[in-house]
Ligand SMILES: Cc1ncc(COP(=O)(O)O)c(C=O)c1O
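Next up: just one chain, as structure tokens, the form predicted on its own.
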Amino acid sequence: MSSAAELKQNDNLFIHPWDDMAKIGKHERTLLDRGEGVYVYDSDGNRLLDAPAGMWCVNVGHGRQEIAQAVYDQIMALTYVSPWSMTTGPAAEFAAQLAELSPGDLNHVFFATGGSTAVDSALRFAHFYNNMRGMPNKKHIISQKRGYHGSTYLGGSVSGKERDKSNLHFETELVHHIDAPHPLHKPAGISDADFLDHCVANLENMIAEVGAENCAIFVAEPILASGGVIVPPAGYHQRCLEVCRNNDMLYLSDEVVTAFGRLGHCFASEDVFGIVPDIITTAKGLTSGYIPMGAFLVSDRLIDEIKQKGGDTAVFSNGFTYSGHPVAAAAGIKNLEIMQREKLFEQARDTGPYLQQQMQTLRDIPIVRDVRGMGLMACVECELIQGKDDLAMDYEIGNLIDKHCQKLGLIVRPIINMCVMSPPLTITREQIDDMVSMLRQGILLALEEIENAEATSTGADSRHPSPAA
């Protein structure tokens, strides 16, 4: 077995997601060995509270022997069959469970390999649906700036994070982005009601510009997760769904992050935001990250219409070798059983508001620009100079906070200058207190390091706004 030092060096042969090519060969990433509950342990034996739950996904926590046993049992019973011509008990059972839990008439399930392929497949389904209706021009997709919908070509094109758009090619003719409904960017002097109207008008105006006869689908995360945990104004999704209905457009609710308890319910679309969309995409908490899997759920109404109008030609020529993989389905079934038996959705409805309350205590730190979130999703946004958009400076503060938090025993997910938290549903109030305390210390230590460096190099006062600012 290779030593920890050898493994860290070998890691430079692994091209990670969003890897900085200039640093390949020089990376020294933290090497994690094991996990238990809300904690993971690095190769030096240090315990770290896993505040991002991996990446929004380890909802039932690490080290669940029940899931490991379910995976083992399924592997020994039947490892794999082709989903083209056959099925398995776990895939069929899991599909039925998801249909039972989904809102409205979203009773049909397409299994994918993760969130990206689930979104990509759902968008292709929208095109397929309109082809079957005899509307081949109705293909355009509207989504939001700062939204994230995956890394396939189409999913990446629909994503709206501008800083991810620099070096790759994307579909631009069929994909259109509107401003994110970000309350932090509400114009001064405008009421909440007027801001809501403004955000909905962005969608209406884009549809008018493209032409309703050309618009197939609107894609929206209930909360824009990787964009910085952006919580839209109340009523936004309901109003946008109404706009879609009025323009014969489908509504896709991308619940890759928000489903399976992140907001205290199995699905957030209806229970939290009051909508029954046409399609829901999900992944991450679907198996709590134990085995890769994704899915989209689609309305019976759409299936029935395709049957009626497509006839024998209605073949949805889209799928994956691992669609409905029996081992992944077995992990998903056991994951859902744990969530329901241990009442983790109910627990999240209790600890979520407490997390939000405790996170708000960080607002007194001078460089904290905003604290926002809902349920077990939260973001602390920092800036070194008030009102200044400087990418290098933003990366500097984010990386420093990450470094100091790890030394203190906390993993955060730094998204440039934002610290994102999405802990396992099993987290307790005491562990939330520890998490927020370590985050506070990490931000203050990062600020102190910057101030000391400035004092050494220039002798000038620090860049951050004063506490009174």
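Numbers for residues come from their place in the sequence shown, where the first is 1. What you are looking at is a predicted structure, and each value in this text was computed from that prediction instead of being measured.
FYI, the form predicted together with the ligand isn't displayed, but the following is about it.
Among 328-336, 251-259, 124-132, 299-307, mark the stretch whose residues have heavy atoms within 4.5 Å of the ligand in the predicted bound form.
Only one stretch qualifies here: 251-259.
Could you tell me which one of G373, P103, G114, P83 places a heavy atom within 4.5 Å of the ligand in the predicted bound form?
By the 4.5 Å criterion, the partner-contacting residue is G114.
If you check Q358, Q347, Q97, S226 against the ligand in the predicted bound form, which one has a heavy atom within 4.5 Å?
Filtering the options by heavy-atom distance leaves S226.
Under a 4.5 Å heavy atom criterion, is F218 part of the interface with the ligand in the predicted bound form?
It does not: once the ligand is placed as it appears in the predicted bound form, F218 has no heavy atom within 4.5 Å of it.
Would F267 show up as a contact with the ligand in the predicted bound form if we use heavy atoms at 4.5 Å?
Output for F267 is no: heavy atoms all beyond 4.5 Å of the ligand.
When the contact criterion is heavy atoms within 4.5 Å, does G324 count as touching the ligand in the predicted bound form?
Contact with the ligand, no.
So in the predicted bound form, does P181 come within 4.5 Å of the ligand, heavy atom to heavy atom?
Close contact is absent here: in the predicted bound form, P181 is far from the ligand, nothing within 4.5 Å, heavy atoms only.
Output the sequence-ordered list of residues from 133-159 with at least one heavy atom within 4.5 Å of the ligand in the predicted bound form.
Result: Y148, H149, G150.
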